[in-house]
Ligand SMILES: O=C(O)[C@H](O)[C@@H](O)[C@H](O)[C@H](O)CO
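Below you'll find only one chain, the form predicted on its own, shown as structure tokens.
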């Protein structure tokens, strides 16, 4: 595997970069910087970045079939019109929990937008526990709540046959699976498919590859790991030159490149000197495996 190449393609200095999504139509990478309250679009051809500022922490972004994007901003599911930089609210959750915000989110194969909440952190990964819930926004803008008592709702994706939903609650230090009913969006039969090892640290964002294996970004672990959800075995570790790796997705014209976001919040000056690309966007090539295109919200 010596052909793997890792490069920082964008030195964005994100406080907490998250939710990378490849937009094939524009050869661009979408991502957010949660505490900086901005959604970014990096054109891989021109290398230019466009940024849209919003009025609350923005924790995930996704493509929308109608055009534009959807995003989780504060505790709201929102539509984002990139042309005029306007945001419209589609639904609001956790109204009684004023200290909560959304975290990671992703669209399922039927066009529903799944995202979970958490309490605002007092420091990275330090927060009041069990305050979050997992939700999905259906195409008719109705919201379904699946469960509560979540610490840090994080990475999520679906198996290639759409029958399993994979999910990470970061402070459980595991990757979980549910049986998934694509027709109804129902989940059931929660179980652990992978337990993190100590040096892997905190499981964060996640994506699936074209072979049905999961890739998990390890916050404070400075790596992405490839897992076989059927055997529960780690297949591969790719280390990055930054500690606070947050999420990953496949992109490029044939989805053979991996893009990784990371954070710099919580790092002191000495660590930032040693990791000057912290908060940047990394591209990994030579993995020998491809991903699949992201789904778009159908509402």
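What you see is a predicted model, and the numbers here were worked out from it, not measured in a lab. Numbering follows the first chain given and starts at 1.
Unshown form predicted in complex with the ligand; subsequent notes refer to it.
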Query raised in the report: Pick from 187, 91, 125, 80: which has a non-hydrogen atom within 4.5 Å of the ligand in the model of the complex?
Result: 125
**Report entry** Heavy atom within 4.5 Å of the ligand in the model of the complex - the one residue of 194, 114, 158, 219 that qualifies
**Finding:** 219
Requested in this report: Decide yes or no: are 18, 118 and 170 jointly within 4.5 Å of the ligand in the model of the complex, with each residue judged by its heavy atoms?
Outcome: yes
Requested in this report: Specify the contacting stretch among 149 to 157, 128 to 136, 177 to 185, 69 to 77, defined as having any heavy atom within 4.5 Å of the ligand in the model of the complex.
Outcome: 149 to 157
Requested in this report: Classify residue 87 as contacting or not contacting the ligand in the model of the complex by the rule of any non-hydrogen atom within 4.5 angstroms, answering yes or no.
Outcome: no
**Report entry** Contact test in the model of the complex: residue 101 vs the ligand, heavy atoms, 4.5 Å
**Finding:** yes
Requested in this report: Evaluate residue 202 for contact with the ligand in the model of the complex, applying a 4.5 angstroms cut-off between non-hydrogen atoms, and reply yes or no.
Outcome: yes
Query raised in the report: Would residue 34 sit within 4.5 Å of the ligand in the model of the complex, counting heavy atoms only?
Result: yes
